[in-house]
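To begin, one chain is listed below as structure tokens, in the form predicted on its own.
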């Protein structure tokens, strides 16, 4: 997708959104300020956020939007800043949060948020969004945030030219992965591009290895207590990941995830496992030499997460936030945001025609695959448990100690109150 086409998508979305009735009946025109807190600062994600800001500004020109972004992949830095503000009684007007446990366990249970069930019913979102997603957003009978997208965490991105020149196909199994890795390494190419500077990226990639080793039901069971962290399949997953790390770039600790993406773009690296925000980032760089596939052993499984926004209590101007949430949940808003972000709509009525090839593929996978929740991105487990998981795998990258890491993962499950 070229920059001209991306600008055209944004302009078209804004034009549609300001048309009569595009977002339904409006309240009295808001004024004042709207502070939106997120960690979207890189490539396609920043463009996607700006596209939604454009729609909001076109409809509510008297409102000044304050873009309060905090850099750091997966919100590593933003969440700490948000916690300070929320606990200090100074909430942003609305903030990005992963739907699921991250939202509910951190901010809903302690009474920091207002329910949005009435908004969902008034806007028709209870039928425009799938039941399974609504369940993730719900707690004690109410819905608590508006999802703007669906991301897929488990994607193998690869450089198509590298694979074509080496006469290789993207690996469907880990046996194939290691065979390909040996062939690529012999050509002086980094087989497995990794950037784990922020600590979460290795845990992200390891989710796909766990899925391959345990399958969808077994992976889900890790977070409900029905699959033991002490079992042989978790051991096997750690051993596979240890072997993968031997094929990674030696500077991985100095790079963020998009730094690993630079390896793919520069034809220095062949493959990486990252969420589909990479699609938006590649597009923002005008790079079209990339391909995608499920990671080895992940065929038929969709590791899902969703970015959402809610309504904190004690915000300065509640109506400005409600107007923001109406834009986010609208078809126009989601069709402006997701083609640039690399994700797909949370709604089921978006038009595939406005999306690129990857997203059309993901839309099909979303309707046919088994859906499992991402732990690194807040859907599978409480924030404390997800942090323990992240830290255990980050340490494993340097220690390569399978037994100690497995013990740490098992202990994290016990500490979370899920395992005995």
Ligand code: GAL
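Given the structure is predicted, the values throughout are model-derived calculations rather than measurements. Positions refer to the first chain, counted from 1.
Just so you know, the form predicted in complex with beta-D-galactopyranose (GAL) exists too; it's not on screen, but the next bit is about it.
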Should residue 159 be counted as a contact of beta-D-galactopyranose (GAL) in the predicted bound form, where contact means heavy atoms within 4.5 Å?
no
Can any non-hydrogen atom of residue 201 be found within 4.5 angstroms of beta-D-galactopyranose (GAL) in the predicted bound form?
no
Can you check whether residue 326 is within 4.5 Å of beta-D-galactopyranose (GAL) in the predicted bound form, heavy atom basis?
no
Could you tell me if residue 47 has a non-hydrogen atom within 4.5 Å of beta-D-galactopyranose (GAL) in the predicted bound form?
no
Which of 294 to 302, 139 to 147, 72 to 80, 159 to 167 sits within 4.5 Å of beta-D-galactopyranose (GAL) in the predicted bound form, heavy atom basis:
72 to 80
Checking 320, 338, 96, 283 against beta-D-galactopyranose (GAL) in the predicted bound form, the residue with a non-hydrogen atom inside 4.5 angstroms turns out to be 96
Heavy atom within 4.5 Å of beta-D-galactopyranose (GAL) in the predicted bound form - the one residue of 60, 358, 389, 39 that qualifies:
39
Going through 120 to 156 from first to last, which residues have a non-hydrogen atom within 4.5 Å of beta-D-galactopyranose (GAL) in the predicted bound form?
151
